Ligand SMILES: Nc1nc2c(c(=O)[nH]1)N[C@H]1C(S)=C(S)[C@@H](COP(=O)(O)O)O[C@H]1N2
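A lone chain, given as structure tokens: the form predicted alone.
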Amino acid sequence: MSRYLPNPEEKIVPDGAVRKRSIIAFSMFILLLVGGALLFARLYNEPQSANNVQPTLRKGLKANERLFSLFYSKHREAKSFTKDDAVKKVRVNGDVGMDGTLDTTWRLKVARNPGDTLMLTMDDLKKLPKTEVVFDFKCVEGWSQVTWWGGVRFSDFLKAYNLAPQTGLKYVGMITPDETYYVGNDMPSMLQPQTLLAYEMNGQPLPQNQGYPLRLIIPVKYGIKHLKRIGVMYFSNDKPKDYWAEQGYDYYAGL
């Protein structure tokens, strides 16, 4: 009958030492749990700033923006699809700034400089080369759809109206005619070749609820940055006001 022979190199940990280590590990877990809860409570109860978000969270969002901006490349494009891949029934991602129906008096106001504003009609825009893009439109609500849009490439628009000097500024701001919806986008993303001033969806004029007569399509951003029913466009080195950033969302909203 064989007997168990202990390994002389094997260390036997006394029961007291095991108990001590377990108590230390459990105590550390409790301390971390309590510390995390206190930190969450502090952030949650931190007074909100003017842009409806806690200052600490806003600092985090700004840090993310700086990080994403460092890795951005104008040569990176959103994945393209075929027109057959595009959905026929396009979902509407919000209706802020869409009250009422626009008539033929609509004009796109482009503020080149203080006191210097272009007034453009849809016919003016349609004289420029048309570009189409089919991509996966993504909403911050968690859904996406492959959609097909047609219009004027934003970079072509700038060239046609001698707006090249404005590309030296950091941002482009856009506002709906009723001034209730407004966005700001960084200039590098606006100059990305898939960015459009779109006047068609699925080969047809934009429906009223999709931004008729003109909307922004910027595939490297979430849907909150794709302003519908553009009324005013301007350029700035300071961040333009942004509707959803004021509600606590990320200003950059990049993909």
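Keep in mind the model is a prediction, meaning the values are calculated, not measured. Residue numbers here begin at 1 and follow the sequence given.
The same protein has a further form, the form predicted together with the ligand, not shown here; the description that follows concerns it.
Annotation: in the predicted bound form, residues V133, V146 and L197 none come within 4.5 Å of the ligand through any heavy atom. Partner contact region in the predicted bound form: 176-184, out of 117-125, 81-89, 162-170, 176-184, criterion any non-hydrogen atom within 4.5 Å of the ligand. When contacts are judged by a 4.5 Å heavy atom cut-off, P219 does not count as touching the ligand in the predicted bound form. Contact annotation for F137: at least one heavy atom lies within 4.5 Å of the ligand in the predicted bound form.
The closest non-hydrogen atom of N93 lies within 4.5 Å of the ligand in the predicted bound form.
Contact annotation: V110 falls outside 4.5 Å of the ligand in the predicted bound form, judged by heavy atom distances. Interface residues of 105-126, taken as those with a heavy atom within 4.5 Å of the ligand in the predicted bound form (partner not displayed), are absent.
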